[in-house]
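Below sits a lone chain in structure tokens, taken as the form predicted alone.
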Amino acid sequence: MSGIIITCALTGSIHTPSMSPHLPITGADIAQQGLAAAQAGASILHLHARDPMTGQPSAALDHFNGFVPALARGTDAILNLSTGGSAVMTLEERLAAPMAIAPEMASLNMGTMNFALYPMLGKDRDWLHGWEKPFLEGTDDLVFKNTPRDLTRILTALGQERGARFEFECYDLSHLYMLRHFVDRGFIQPPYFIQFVFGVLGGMGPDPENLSHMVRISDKLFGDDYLFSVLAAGRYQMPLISIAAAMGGHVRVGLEDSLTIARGQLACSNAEQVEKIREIVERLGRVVMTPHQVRATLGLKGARNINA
């Protein structure tokens, strides 16, 4: 079978520090875990920042600079900066670091959607920080905003002006049609790297039938011009991405998406998840792609052309 891309999303903006002592918070921790994940086989590192004092998701360039230079020096893995940040951030805040760093890749959520995290409150916890519980409670009234005007700005400023290629995050069927819309307008050139996102309340449920349908519609809309990857939230992570790998797709793991390595067992690191999925996909006959191979496949501008 064809080569497979493993992406690792190191910290994200969804889980809070009280949920796992292994979630990387400081720049040094994010860098260390990123280097280990790359060593384990991740060719793409999907990056968010945190305030190192409180663990809150951060869009500050200073916080990104706490780990991006170390990752750029220490690994040839592709650094993929989030433009999603957190749903509570403005577009200007979300774009500040990617605009300054001009990465090879950036993530792009392909639409506005509800983004509900309050079901995570179902487990009793001793909260480490005062912001965590109110943040999760407030997500019953939280909308992640990416309008067509927002998408146009991101595709222009990061893509056309700074040469970034995108991981198009599609949480629902409508996002595929929005992507096709921007292809038709000439904002995006193939190949398209599409990340199907399952299990976030407000987006698609983590059902294999949904995965099959997303592939069918992507085939219809994009033909041979796309690659698909899959991430699934929480306990659905490994089962659904294993199905994706068997279907010829690519996979994403990481503590952004799931804090566990097995049912009821916290993952000790991002690298542990990379090692697990690598074993699974290799047993399926897939060959893990190197960063060099991924750059050639996706047409990336190269690590020397970022500001890190």
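Quantities reported herein were computed from a predicted structural model and do not represent experimental measurements. Each residue number is its position in the shown sequence, starting from 1.
Only in words, not in the display: the form predicted together with a small molecule, which the text now covers.
Taking the partner from the other structure, the small molecule in the predicted bound form has a heavy atom within 4.5 Å of a heavy atom of residue 171.
Taking non-hydrogen atoms only, residue 120 never approaches the small molecule to within 4.5 angstroms in the predicted bound form. Though the partner is left out of this view, residue 115 does reach within 4.5 Å of the small molecule in the predicted bound form, counting heavy atoms only.
Residue contact check for residue 250: none of its heavy atoms lie within 4.5 Å of the small molecule in the predicted bound form. Within 4.5 Å of the small molecule in the predicted bound form, a heavy atom is found for none of 34, 78 and 274. Comment: 102-110 is the region of 182-190, 148-156, 124-132, 102-110 lying near the small molecule in the predicted bound form, near meaning a non-hydrogen atom within 4.5 Å.
Contact with the small molecule in the predicted bound form, defined as a heavy atom within 4.5 Å, holds for exactly one of 194, 97, 164, 231, namely 231. The single contact residue among 136, 89, 176, 200, judged by any heavy atom lying within 4.5 Å of the small molecule in the predicted bound form, is 200.
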